[in-house]
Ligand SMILES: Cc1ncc(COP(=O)(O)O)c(C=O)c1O
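Coming up is one lone chain in structure tokens, specifically the form predicted alone.
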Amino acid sequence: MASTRDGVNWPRAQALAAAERASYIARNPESARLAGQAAQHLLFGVPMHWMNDWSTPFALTVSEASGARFRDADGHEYIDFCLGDTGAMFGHAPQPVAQAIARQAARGYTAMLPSEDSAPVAAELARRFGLPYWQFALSASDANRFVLRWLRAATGRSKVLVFNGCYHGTVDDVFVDLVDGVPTQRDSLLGQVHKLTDHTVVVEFNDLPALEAALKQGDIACVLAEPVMTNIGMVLPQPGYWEAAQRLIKRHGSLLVIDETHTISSGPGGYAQAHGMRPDALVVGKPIGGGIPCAVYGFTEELARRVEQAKRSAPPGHSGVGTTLSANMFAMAAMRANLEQVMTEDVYRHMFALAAQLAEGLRAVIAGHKLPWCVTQIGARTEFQFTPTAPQNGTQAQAILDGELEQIIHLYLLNRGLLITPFHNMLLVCPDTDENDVARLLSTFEECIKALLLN
């Protein structure tokens, strides 16, 4: 495999990195002051420790965000291609959602009882995702945890199968990787005292023989998967993979759970609907409420009945599923507005067209400078990767990651008013992104590439 740095003048890149860090410090004195103030009482100096994982010398403080733009504490405006890593995929504070939550704010936030929005939201989820029964959570991590509990109870099986390099939030069960082909609990998982490999099986994505060998054991309750891997860089399913995989899963009595939290970029019904998949359960987090903390998960008719029977057959007491704020009135109002007025076919058509323009532009820049990189697009989601051909599994995707090179590019863009995701090289467009925004990203990206090249 080619080096991620082929064609890059690395001493020049390191000098550029130093210059960009100095520029960031000079142009953001208020963010620096606020970061220092935060360090007095915030663990690691930020509200969540991973906010230190950006390319910046200290955290950038956001003062306001609207549509495809946000402003920082020093008054700089940015075009946002990160969009909260999908949380704000439909733009910051979309107007119908903002209006709905403003109305709901005067009518109450939470009551541990259904609101008038509950039934319409569930009906709309059933219509667009093709699954008739739904429940709610505060995040995709919670939703995935709850689904695993339900399905283990419904099947009487204890194991879950995931793909190497997968993403499913902070669900403990999925922090297992293949290391030299051996399932290994991830060292980075803090404070874990249980041996995850006892109940988690991990295989490579796109490897049908490995999937079948695992399923044959007859103890896997479900396969939990993103239809396109996104956490380790995008990894597309090979042609025919999901058709064959679904047959294998069904044949061996397991269930398929599709996590569309990132791949909702594929269309109003997600990747599964767009590509004819038929999962037994489906999870969507981050963007479903327009940025308000919430998530949804749905079941087929047959699985819903099994889940209900498992609950009715269990002893009385707490099921371990759900929290008191799940399905609160505030979140339900946001979801209803977002589903009915924002996540429309017309909005997706606009985003698809702009993402295609972005992807083609990135390819042209990369080809024009003869870099051994590629570009992958899934609907409104685009990513450039440091490899001439797209990876086919998590191991290949891991091998091409270059955090140091990524951070140089990211900081260069940020200092010029353009934000992309802090991990990998992913970009999203939203309903408020326009052609001028894309053109500006592409021209600045090319300037960065020129600064990194040998000549």
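Keep in mind that what you see is a predicted model, and the values were worked out from it rather than measured. Numbering starts at 1 and runs along the sequence shown.
Below, we turn to the form predicted together with the named molecule, even though it does not appear here.
- Looking at 300 to 308, 112 to 120, 186 to 194, 160 to 168, the stretch with residues near the named molecule in the model of the complex, meaning non-hydrogen atoms within 4.5 angstroms, turns out to be 160 to 168.
- Not displayed here, the named molecule is kept clear of D80 by more than 4.5 Å at the level of heavy atoms in the model of the complex.
- Put simply, E226 is close to the named molecule in the model of the complex: some heavy atom of it is within 4.5 Å.
- In the model of the complex, S139 approaches the named molecule with a heavy atom inside 4.5 Å.
- By the criterion of a heavy atom within 4.5 Å, K286 is counted among the residues contacting the named molecule in the model of the complex.
- The contact with the named molecule in the model of the complex, taken as any heavy atom within 4.5 Å, belongs to N144 out of N338, N144, S254, S265.
- Taking a 4.5 Å heavy atom cutoff to the named molecule in the model of the complex, the contact residue among S326, T200, T155, N231 is N231.
- Heavy atoms closer than or equal to 4.5 Å to the named molecule in the model of the complex belong, across 93 to 112, to no residue whatsoever.
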